[in-house]
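Starting off, we have a lone chain in the form predicted on its own, written out as structure tokens.
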């Protein structure tokens, strides 16, 4: 059995100075956001806020300056991500682009793709969505059926459907995973990634999917004979599986995997702080111990990224444990406070509890189901 360890990040005075700057900025920038709105976490969409982060150099932080980046450390980027999430800031307009689409472009994009798009992401001016999940495929990306056929002039014709595509209705671009050869029996072979300009290409239908809270974050995106230039290919044809696995490591490892429900923990502590109750103190102590451990592991992934290593397995562990933590939190809160969840309540705890309870089922689905992640982990440590 292989042992998996998480390196400890090196503490940095520069990073902690940055933390103070980010906190001061957030106090003013989101002062009017109520607890229920802050509970939206990384679903909060506000292009103006993303542009404000871009002006401060807090997007594209680790990228080369020639592409609009700032050549700062992975730990400094982690600080900005952690503080904005903990404060409940509306980060969705830049979230996917800064977290995974930008790094994917930086690694696999052509020179023209990088020079055209990366500076816009770093400025908070460019929204991306993810074209992975499909109907009847779920987290089994190898069974995708969306297909791009190469034409005689080198262009592509794309047909298929993507599902659960977050903020596709707002996005400027999509990085799409599709088949370019073979069929679903080939599994990991014959898949490629395409970069799609959603504002310029015709033949794309974006249909809303409303969640349990009647909010529109998700979409079904249908492609019918969509014509794309040869330059739409991202990286190498047929290497999409390898490329997307690297992209998922960025998606699964960040502090969003245990801070999505942080507003409920804040409200819970506020309700309980004046009560003398051993059971409550024990429960809160256990929750914070779990939170600190998850943070240590997630910061360890940042250390691996800083060292240029592939943290795919470590990221899967963080994502799986983080989802479990976040799904347990609402039930623990309900057991400690005799307050009915009500999203329309004036009581902040009751409203945030209701929101988190409705959001929690998705925590173990997004970014890969629990079963998929545990299969990845089992394979890495020699149990499968």
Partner chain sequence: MDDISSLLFDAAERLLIDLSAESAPDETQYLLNWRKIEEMGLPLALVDTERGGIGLEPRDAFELIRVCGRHVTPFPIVETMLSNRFAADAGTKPNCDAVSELRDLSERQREFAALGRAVQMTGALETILSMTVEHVQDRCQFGRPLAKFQVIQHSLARLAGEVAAAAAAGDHAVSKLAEGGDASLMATAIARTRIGEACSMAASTAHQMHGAIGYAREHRLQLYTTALWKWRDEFGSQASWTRLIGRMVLAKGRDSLWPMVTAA
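Here the structure is a predicted model, which means the values were calculated and not measured. Residue numbers count along the first chain shown, from 1.
If you look for the form predicted together with the partner chain, you will not find it shown, but the lines that follow are about it.
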* Partner-facing stretch of 296-304, 208-216, 181-189, 103-111, counted where any non-hydrogen atom is within 4.5 angstroms of the partner chain in the predicted complex -> 296-304
* Asked: Taking heavy atoms and a 4.5 Å cut-off, does residue 152 contact the partner chain in the predicted complex?
  -> no
* **Distance check, residue 165 to the partner chain in the predicted complex, heavy atom within 4.5 Å** => no
* Could you confirm whether residue 259 comes within 4.5 Å of the partner chain in the predicted complex, counting heavy atoms only? => yes
* To do: Report yes if any heavy atom of residue 142 sits within 4.5 Å of a heavy atom of the partner chain in the predicted complex; otherwise report no.
  => no
* Asked: Exactly one of 226, 198, 233, 266 has a non-hydrogen atom within 4.5 Å of the partner chain in the predicted complex; which residue is it?
  -> 266
* Any chance all of 56, 247 and 326 sit within 4.5 Å of the partner chain in the predicted complex, going by non-hydrogen atoms? -> no
* Asked: For 268-295: residues with a non-hydrogen atom within 4.5 angstroms of the partner chain in the predicted complex?
  -> 269, 270, 272, 273, 278, 280, 281, 282, 284, 285, 286, 288, 289, 290, 291, 292, 293, 295
